[in-house]
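One chain comes next, on its own, written as structure tokens: the form predicted alone.
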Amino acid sequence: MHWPPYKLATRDYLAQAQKKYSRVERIYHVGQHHSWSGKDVLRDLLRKHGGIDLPPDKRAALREISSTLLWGELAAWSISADLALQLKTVEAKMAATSQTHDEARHFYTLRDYLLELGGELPQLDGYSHTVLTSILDSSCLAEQLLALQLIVENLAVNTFKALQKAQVEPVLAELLSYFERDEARHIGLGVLYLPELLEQLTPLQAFRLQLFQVKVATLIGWGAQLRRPYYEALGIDLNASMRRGMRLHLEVLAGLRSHCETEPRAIFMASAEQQRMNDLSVDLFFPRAGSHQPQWQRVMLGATNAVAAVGERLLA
């Protein structure tokens, strides 16, 4: 390894990089401009709403959902720091560094909120733990960028929206609006920079990336099944939330495709027919709130819940 990379400060390189990566660099500057103090914001919101007023059963359910978010923020903090080290261009390093700063703020702010909420914080379920450690342990830069920026960050934004829409707790609802703005920028790094990495993959590497996507998506689906009672306790329609999450993911993939010179075959790009199948699957495994469920579906859901619990114990 030759260090320092002197070309990063040459005029020719800077002119070329500015033309190619100006939108990636902008993520850093926007992040700097919109930086906020987690300590100050949380303090002001607690004062505004007179603290956290929530019955014990909802506090327990909120701790379960929020613990996954908390440890997800810590994992994102570590992964984005790793990305800042591994990414080759200055502009991408700047964007990843900005994300590292954001994720650190998200972690300590959400941790402080949960301390205010009270009670013992539950450990990660086996599915979420496996997803996050798989990304943390991956030695493939494309896998980390894809899984964190396009899947996990999108899932976090969708969870924020669900908690806000249900108005589970006013302090958290306002707090998560700050988180959501930051996470939207993080998704941008994946959309703008991942195409360059995909073009460099060999057919075998592309196939492995597809398998990694299937693994992460499957584990997330089983984890959602396991946490369904907590969402229901908080008044969150998981069916509507998952449909919204899939739409957001399609929008992200469409943005990714628009920045690729060729079809990104290493990424599963959902067609309209596949999206209809996804909707049917959501209705099957996560029925709409208050909808009629035939006997066969109730039996299937009971079996699915049992399998999800067994799988979680094995993974944990």
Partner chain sequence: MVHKVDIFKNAWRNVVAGGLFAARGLSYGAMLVLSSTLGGLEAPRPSGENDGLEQRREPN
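Residue numbers count along the first chain shown, from 1. Here the structure is a predicted model, which means the values were calculated and not measured.
The same protein also has a form predicted together with its partner chain, omitted here; what follows describes it.
Remark: K165 counts among the residues lining its partner chain in the predicted bound form, judged by a heavy atom distance of 4.5 Å or less.
Among residues of the shown chain, T202 is not one whose heavy atoms approach its partner chain to within 4.5 Å in the predicted bound form.
Using a 4.5 angstroms threshold between heavy atoms, A184 counts as touching its partner chain in the predicted bound form.
Proximity of A254 to its partner chain in the predicted bound form: non-hydrogen atoms within 4.5 Å are absent; the residue sits far from the partner. Annotated contact segment (heavy atom within 4.5 Å of its partner chain in the predicted bound form): 24 to 32, selected among 24 to 32, 42 to 50, 254 to 262, 62 to 70. The single contact residue among R105, R111, H129, K93, judged by any heavy atom lying within 4.5 Å of its partner chain in the predicted bound form, is H129. For the candidate spot formed by L219, R244 and M277, every residue has a non-hydrogen atom within 4.5 angstroms of its partner chain in the predicted bound form. Residues H129, T130, T133, L136, D137, S138, S139, Q144 are the ones in 128 to 144 with at least one heavy atom within 4.5 Å of its partner chain in the predicted bound form, listed in sequence order.
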